[in-house]
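Quick setup: one chain, the form predicted alone, written in structure tokens, and binding and motion questions come after.
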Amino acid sequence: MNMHAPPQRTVAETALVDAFGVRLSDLPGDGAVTVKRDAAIEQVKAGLPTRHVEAWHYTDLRRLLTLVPPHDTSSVTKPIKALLAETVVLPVLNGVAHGKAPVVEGVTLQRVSETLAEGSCARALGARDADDTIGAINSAFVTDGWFVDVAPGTAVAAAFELQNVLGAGQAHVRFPVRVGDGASVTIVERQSGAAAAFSTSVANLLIGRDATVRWLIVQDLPDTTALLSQFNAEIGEGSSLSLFLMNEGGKLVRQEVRVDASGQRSDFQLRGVNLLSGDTHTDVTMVLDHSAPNAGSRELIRNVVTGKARGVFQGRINVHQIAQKTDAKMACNTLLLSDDAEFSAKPELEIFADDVQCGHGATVTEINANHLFYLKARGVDDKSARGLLVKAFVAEAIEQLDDEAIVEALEARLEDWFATHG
């Protein structure tokens, strides 16, 4: 009889399992939450996913996650400057919600640590499936965050900025958001920090009927930090969700987007810009379910990769049999600025309805030599010419946001990134 010993745990796997034993008594939650935490850590004990797991094929987490630092409650962090003016900032500093919840008409704000203590968020904890490593780790260790509840019919003028600001060590946060029927709101999610750290972040968005939500995720972590992040959304009937991603940092980043367009006439728009440099690895993985008829979606991802950076985009659209009249298009375009840069794109469609308009595409290219020559022949120096071409390449994804203040803020970040990495 052949006997196969289970693989020895990696340093990161051991650190996670050991940290749970040390931290459990300090983690907020009633009995129902503790049960969910115990189940989640058992999934972690089974091992981090490798490239043999299809959903993680391009991001071998067991190999890439080399270090999980211990929790450091003494680490001091401060809120960062808001991306937009007239913003309600809701910071989570080193894993702990900071400050008193502000009063905003038509909006209820609550610390996630309070919902854990009273057990009201227990149902939301736990992994979605065996491949949901982010959900499992976060459920095991989550300590705090902000719950935002927008009442039906409320048009929120100011944006909310949810900040996950990392110090040294670990931070595991959640941002549950509920938007009522006929409401509208802009949410900015920031993932930032200045020290070596490991973090998980899970945002859960529930949109009612005939509502409008704009959600921006901006990540600028140092190249000493690993971030496993997840955005989950359910879109109600007649509602629209516009999601924008900008990744411009992090040593190891996995950003998952899981959206269920469950309402008729719902609309989902995803725009993303990945600015990758150094020896980093960034993975954006999206799964979109069209599970209702007469809905639409558009996904456009633009990637700029330099140095020895490695990037991934996995995009899967599932059109269920009931989802007739679905109109869905997805595109991923990559610009490689060095010979050592890599990018893997895997767009997928799975369609069970027969009356749909769906398509996808992916391209990988270098800067066009003719375009570069054209600019240099007119007196533009090499670096400036390259900068103009890169900005033009990225501009479409940003300008489609159709909000002048947001476009200006994101273009300023693009300028800063290219000044350093161009």
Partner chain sequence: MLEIRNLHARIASTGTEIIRGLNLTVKAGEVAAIMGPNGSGKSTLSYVLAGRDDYEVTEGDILYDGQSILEMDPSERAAAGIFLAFQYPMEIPGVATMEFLKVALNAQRKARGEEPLKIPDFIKRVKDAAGSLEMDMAMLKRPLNVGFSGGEKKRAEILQMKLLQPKLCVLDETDSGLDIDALRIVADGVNALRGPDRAMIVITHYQRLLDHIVPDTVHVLYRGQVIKSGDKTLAHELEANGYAGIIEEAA
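Not measured: the values here are computed from a predicted model. Numbering follows the first chain given and starts at 1.
Only in words, not in the display: the form predicted together with the partner chain, which the text now covers.
When the partner chain is considered in the predicted bound form, L388 lines it closely, a heavy atom lying within 4.5 Å.
In the predicted bound form, at least one heavy atom of R378 sits within 4.5 Å of the partner chain.
Among residues of the shown chain, H371 is one whose heavy atoms approach the partner chain to within 4.5 Å in the predicted bound form. You can rule out all but one of 46 to 54, 388 to 396, 65 to 73, 358 to 366: in the predicted bound form, only 388 to 396 has residues with a heavy atom within 4.5 Å of the partner chain.
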